[in-house]
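The chain below stands alone, shown as structure tokens; this is the form predicted on its own.
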Amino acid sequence: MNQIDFENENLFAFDEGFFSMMYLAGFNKRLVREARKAVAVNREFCLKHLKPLALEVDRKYEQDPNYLPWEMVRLAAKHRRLSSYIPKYLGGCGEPMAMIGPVMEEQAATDTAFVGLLGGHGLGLAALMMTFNLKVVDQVIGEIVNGEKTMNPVMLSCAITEPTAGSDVEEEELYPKARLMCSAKRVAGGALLNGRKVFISTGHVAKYHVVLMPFDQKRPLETFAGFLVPSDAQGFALGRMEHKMGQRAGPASELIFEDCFVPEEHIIMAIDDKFGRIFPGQYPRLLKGVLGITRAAVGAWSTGTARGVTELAIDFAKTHKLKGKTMISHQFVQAHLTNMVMNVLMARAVYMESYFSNMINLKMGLDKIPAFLDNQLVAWLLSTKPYKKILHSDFVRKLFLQNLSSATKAQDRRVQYAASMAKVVGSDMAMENCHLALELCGEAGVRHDRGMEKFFRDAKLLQIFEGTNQLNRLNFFHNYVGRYVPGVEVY
């Protein structure tokens, strides 16, 4: 019987699964070239540097639930993973935003938890950038880039969830039912924040926290604001770090605000400021824009998890015997593995569709710069005073916000249901593949050194955050099916 040479051909090679990208090369060669390069760079990083650390960090957390994965943070900084999606003209690596998915898949196939660590940072960065407060964006991005150069990593978190308000603060329609406990109050020179945020990814390793809370709990959507809070701010404290079953390399933190003062320049977005008055509904647009990106990202992250455990199951089936021949030579094992591989490819197709829906909708953003302007020379020019003045001007911010506001309701809904679909399909496939892998490998599958049980523990969280899968199903119905059922109530 002829056998497949698995060692010679990567089962999940770029050309074997991204057919839409291969076709897209006929229209946008640069995007596909950069995508291929980004995947190759991250594959090498994962195999050489991340893989040896993944199980070790998980074991350290098992021994000490308050352990913080600083070696993972330093590894990310050393290989410029903290600035990977920051445009080159702002000093970052400039990996295309459209290719977040394939890169996250690559990383998650090695360590789901590492992507969780970067994901909290990425969520904070996405929320910050979507405010288009370019003076603050430029300051923080500058610190992130310089931190990588000096090996003093600067990470962000994004604080939305509260003890009594979880998934209901991720959908505009659910805010009237949310029991918010956080609020801000304007004072001379800034604002005071009070309350607690919980389950905040990267909270204990972040230097800055992008905090979202209203000035009036009874009118949250009309009074919401965004604040940049450094970890050493007066009135701010880190509370407990959750003792987690999975994704242990990404700490989930409690943030405590007790008359935490935020100066005016760090109120990065406020519905009642001059930009909020010009562009009403700014907060719901920011929320939907961020979730449109991050839910698709969870879909990619989940696909990588499904793929990683599949690769381990295939390796096991290639090296273990059953009834005198290798397991992979048995038809029932072949069918079992086929289901797992098809789950990966289906989940990938869905998250790629979600990313393309975002590309259509976001006509202009901080990454929408012509190739000839996205380089280190422009980064240097923008660091000079005259160009900084232009970059930080109200005119430029209005230009970005105007473009963000120009998307139609139908376009927004497309992004929302596609992102929710990517999140639900991907995370459900990840859990299914973990079940299938453990079922196939039996007792060997629950050994820590094999890695499969870690994927199983890590995968469950993917169904819960960025809105539970139940909420995302309702979001899909609301933004797609419900449009064709007049008068139907969803939330």
Partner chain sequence: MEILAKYCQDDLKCFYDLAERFANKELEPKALELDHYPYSEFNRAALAAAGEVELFKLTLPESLGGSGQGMAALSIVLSRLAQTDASFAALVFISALAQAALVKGAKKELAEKYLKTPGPIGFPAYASPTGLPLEVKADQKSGGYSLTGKFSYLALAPVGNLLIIPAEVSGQASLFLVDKNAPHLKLSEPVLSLGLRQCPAADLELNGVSCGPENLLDCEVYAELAAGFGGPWAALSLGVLVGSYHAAKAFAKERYQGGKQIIEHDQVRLMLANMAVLIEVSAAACMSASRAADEGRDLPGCFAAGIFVTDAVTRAATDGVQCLGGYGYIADYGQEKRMRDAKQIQALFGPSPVKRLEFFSSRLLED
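Numbering follows the first chain given and starts at 1. Just so it is clear, the model here is predicted, and its values are computed rather than measured.
Only in words, not in the display: the form predicted in complex with its partner chain, which the text now covers.
- Here is the short version: of 397, 88, 413, 244, the single residue with a heavy atom within 4.5 Å of its partner chain in the predicted complex is 244.
- A single residue from the set 409, 218, 323, 385 has any heavy atom within 4.5 angstroms of its partner chain in the predicted complex; that residue is 323.
- Mapping the unseen interface onto this chain, residue 167 counts among the residues with a heavy atom inside 4.5 Å of its partner chain in the predicted complex.
- By the criterion of a heavy atom within 4.5 Å, residue 464 is counted among the residues contacting its partner chain in the predicted complex.
- When its partner chain is considered in the predicted complex, residue 473 lines it closely, a heavy atom lying within 4.5 Å.
- Under a 4.5 angstroms non-hydrogen atom cutoff, its partner chain in the predicted complex has residue 336 among its neighbouring residues.
- Between 262-270, 125-133, 245-253, 228-236, the stretch whose residues reach within 4.5 angstroms of its partner chain in the predicted complex through a non-hydrogen atom is 245-253.
- Shown without its partner, the chain has 167, 168, 174, 177, 179 in segment 167-188 as residues with a non-hydrogen atom within 4.5 angstroms of its partner chain in the predicted complex.
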